[in-house]
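Single chain ahead, written as structure tokens, the form predicted on its own.
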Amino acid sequence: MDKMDKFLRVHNGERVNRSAIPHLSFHEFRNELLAFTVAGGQVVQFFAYRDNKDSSSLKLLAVLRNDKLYVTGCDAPDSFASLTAVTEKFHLFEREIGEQYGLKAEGHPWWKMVRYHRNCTGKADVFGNDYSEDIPGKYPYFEVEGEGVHEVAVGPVHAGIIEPGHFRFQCFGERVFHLEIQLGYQQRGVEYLLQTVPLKRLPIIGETVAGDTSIGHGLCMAQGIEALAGLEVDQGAKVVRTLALELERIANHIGDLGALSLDVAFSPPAAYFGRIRGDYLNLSQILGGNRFGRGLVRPGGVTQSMGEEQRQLIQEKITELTPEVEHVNDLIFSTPSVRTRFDHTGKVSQQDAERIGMVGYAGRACGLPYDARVAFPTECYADLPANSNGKIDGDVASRADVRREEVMHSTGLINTLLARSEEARTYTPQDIRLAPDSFVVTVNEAWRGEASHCILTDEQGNILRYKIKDPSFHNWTGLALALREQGISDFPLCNKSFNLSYCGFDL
């Protein structure tokens, strides 16, 4: 770790003393953050926290990235000049700070709640809500006026089993001027829960932050606790963890590629990939005992070792499935009617994607090369080859193409890992004690993109603040931008090309 004047450089998953983090005046803090992000840096985390659980004093902390990770902080004023007014990279972060701690970002161009709940300080609500009824309903939607302009409202209740979310379209005929997305209907208080429950329960909660990202979030949590508790992870366990993360990535991409085909009325690939996705979920069960990766990753290692029998079963099934996946992908991407609907639909420019800080395959489809597996490698990734993307036009076709490339790249990574001979020692539960007055940030490339967890401890080693960021936090705005000047009938296709998480957002 090396200390610059205004920032502390940290490594992914490295414990540092909280006293080592620069503590700036808010004026310096704001200027440094703006200079960093305007020059091309991105925001990994930006949040408020109490200096100690019994204190009324609040602080702000920011984790930023370019090709390195940096952290800095300051005392939090009750109100401050909005950073979003200068760069959109702070947009949702500032609104969330207002929602959670009652701090007001003066001059924020889109100042409204992210979710619908009282802030935790007892201060007056900074968005003008009285919360006489604990239900959403007073959200100040953006409105477009003019002859022939109309609104279309979708949700919050949807068909099927997905979580609630409301989509408000401002249209002229079929043409969409603006889409506003309101989430937060099932705000669960996950971060607060993680600050209050016994340590042994943290991994169970962490892997359920977003049900389709059990390994991605579970790994972020485990690495953070390992850093704070001084736990070592053997190489065999790292192999199993990396395999689990890549199997999770493949299963989700395959399911969505099939769903994209169904959205353009080309049903055979949806049926094929629906069955094949089940096969990959079954491989996760062979590896760790659960089709969705639950219960496998724990601080200190994994709960299931991979013996020769499991290794052979996974290898044989991967060998069987790979040509099937290639065949179905060829069927999707060589069909003219599919390409016609995918190409030039729901485009987000590289400039806009960088401006709002998009991450993951959606960002890479716009030409942003960032991949946390390459930039900040954990587990086995430092020894594994990176992926490259061919189509980066920012449209549905590009997002689908990047997914196809990632499926095949992940398949290659799995084959490489299966050829390794290290055997994991199984996790043994132990009495974990976290280092006092410490900070750690973990970053992993979950299947949607950059997932990050921050943990701060107090002087007794108790968790003072636990902050989670799902990749969807960055990318919902990208979906809204993708609908501008599109036909409203393109919404299902655009939506599925992002396939963002409601529950990962509604923390």
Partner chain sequence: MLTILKVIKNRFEQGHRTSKYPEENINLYKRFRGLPIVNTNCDPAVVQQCAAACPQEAIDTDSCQIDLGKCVFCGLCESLSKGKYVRFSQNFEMGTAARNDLLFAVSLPNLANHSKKHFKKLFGRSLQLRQISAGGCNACEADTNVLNTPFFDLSRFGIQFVASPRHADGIHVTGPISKNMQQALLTTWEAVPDPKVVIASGACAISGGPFYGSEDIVGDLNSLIPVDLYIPGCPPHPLTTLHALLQFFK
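What you see is a predicted model, and the numbers here were worked out from it, not measured in a lab. Numbering follows the first chain given and starts at 1.
As for the form predicted together with its partner chain, it is not shown, yet the points below apply to it.
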query: Which listed residue (372, 281, 74, 233) meets the criterion of a heavy atom within 4.5 Å of its partner chain in the predicted bound form?
result: 281
field: Among the candidates 414, 228, 276, 356, the residue which, in the predicted bound form, approaches its partner chain to within 4.5 Å (heavy atoms)
entry: 276
task: Among 359-367, 386-394, 195-203, 84-92, mark the stretch whose residues have heavy atoms within 4.5 Å of its partner chain in the predicted bound form.
output: 195-203
query: Applying a 4.5 Å heavy atom distance criterion, does residue 285 contact its partner chain in the predicted bound form?
result: yes
Distance check, residue 111 to its partner chain in the predicted bound form, heavy atom within 4.5 Å: no
field: Proximity of residue 435 to its partner chain in the predicted bound form, heavy atoms at 4.5 Å
entry: no
message: At 4.5 Å between heavy atoms, is residue 158 in contact with its partner chain in the predicted bound form?
response: yes
- prompt: Even though the chain is shown alone, can you say which residues of 157-196 have a heavy atom within 4.5 Å of its partner chain in the predicted bound form?
  reply: 157, 158, 159, 160, 161, 162, 163, 164, 184, 185, 186, 187, 188, 189, 190, 193
